[in-house]
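What follows is one chain in C-alpha cells, specifically the form predicted on its own.
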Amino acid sequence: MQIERLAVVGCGTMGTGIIQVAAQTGLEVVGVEATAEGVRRAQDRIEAGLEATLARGKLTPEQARAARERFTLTTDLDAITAADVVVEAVFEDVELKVEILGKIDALVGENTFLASNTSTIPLVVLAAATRRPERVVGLHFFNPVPAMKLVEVIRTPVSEPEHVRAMVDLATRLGKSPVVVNDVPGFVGNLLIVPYLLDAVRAYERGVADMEAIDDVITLGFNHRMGPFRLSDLIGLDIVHDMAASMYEEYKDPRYQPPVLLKQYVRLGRLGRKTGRGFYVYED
C-alpha cells in the first residue's frame, strides 16, 4: 500500500514536529487537536519550525511554501478517515491514549495503519484498545522531531511483519533512521536514558557536585553534546517525570523512581525550556 496521506491526532510538540517533517517530505497531512486554541498553537509551532529549518538552510523558500500547502489543522476527528496512516501523538497518559486510539479505530478503514508515538507505555496496552492489534505499530520519534534522526519502530508479539516494514519504510521516507525494537516499557532509548537522567538528579540531591559541574563532566569528559540537566530541560521535566513514573510502575525498579527534587520542580511548574525555567533559566 502506497502511503500518501498521513493524519496526526494530538498536535503538541511531538505531533507538530511530525506534521512539519511529513509535509516537508511530500505527504499530505491533517492534524487534529481538541480545541480551536490548540489548533492555533499548533499552527504557530509548525510555522516556527519551518522558519527555523529555512534559516538553517535545510529548506528553500519554495520548499517551505509547498510544505505549508500540504498540511491542514482541524478540531474535527472525522478528518482522519481518508488517511493511509494515523499517528496518535496525544499526551503520554495511558487512559487518554486508549480512548483516542479506540475512537481512531472506529473511524478509519480496515486497511489503515495505526501508529502510536508513545515513549514508555507498553504498546500492547494501546493495541488492545483497537479491533486490529496486529496493525498497530509504535513510531517513537525523538524531540525535536525535525532535527533528530532516530525513530524507534515498536512491534508487539502480534504485529504483522508487513505492517512493521511499512512503518520502517515510512520513517525512512521522512528522512529518519528507523530501528525496530520489541515492546517493553521504555523500549531502548528511554529504558537506558531515564535512569541516567535520574541518577544525575540524585547525585545533585546528595551534594556530590552542583548541576553545572555534573553537566560539565558529561560534556567535557564523555563528549556528549549536553549534560543530563540541560537534556532534561530540553525534554521537559514533566515528561522525564512521567516517563520515569510509568516505567517504575511497570518494573518496580528503584532506578526508575522519580527523585523528590524532580517532583518538586514539576509541581512548581518549572518544566524546562518550554516554560523558560527548569534546572536552568532560559532568557530566550
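Note that residue numbering begins at 1 and tracks the sequence as displayed. Everything quoted here is computed from the prediction, not taken from an experiment.
This protein has a second form, the form predicted together with a small molecule, left out of what is shown; the following refers to that one.
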Note to self: Can you confirm whether P122, V137 and S246, the three residues that make up this candidate site, all sit within 4.5 Å of the small molecule in the model of the complex, judged by heavy atoms?
What the structure shows: no
Next item on the list: Go through 205-213, 105-113, 85-93, 175-183 and give me the stretch that gets within 4.5 Å of the small molecule in the model of the complex, heavy atoms only.
Entry: 85-93
Item checked: The unique member of L198, M167, I100, L73 whose heavy atoms fall within 4.5 Å of the small molecule in the model of the complex -> I100
Margin query: Can you pick out, from H241, R41, R68, K58, the residue that has a heavy atom within 4.5 Å of the small molecule in the model of the complex?
Written below: R41
Next item on the list: Mark C11 yes when one of its heavy atoms lies within 4.5 Å of a heavy atom of the small molecule in the model of the complex, and no otherwise.
Entry: yes
Checklist line | Distance check, L237 to the small molecule in the model of the complex, heavy atom within 4.5 Å | finding: no
Check: Does D233 make contact with the small molecule in the model of the complex, using a 4.5 Å heavy atom cut-off?
Finding: no
Margin query: With the partner left out here, check for me: in the model of the complex, does some heavy atom of N143 sit within 4.5 Å of the small molecule?
Written below: yes
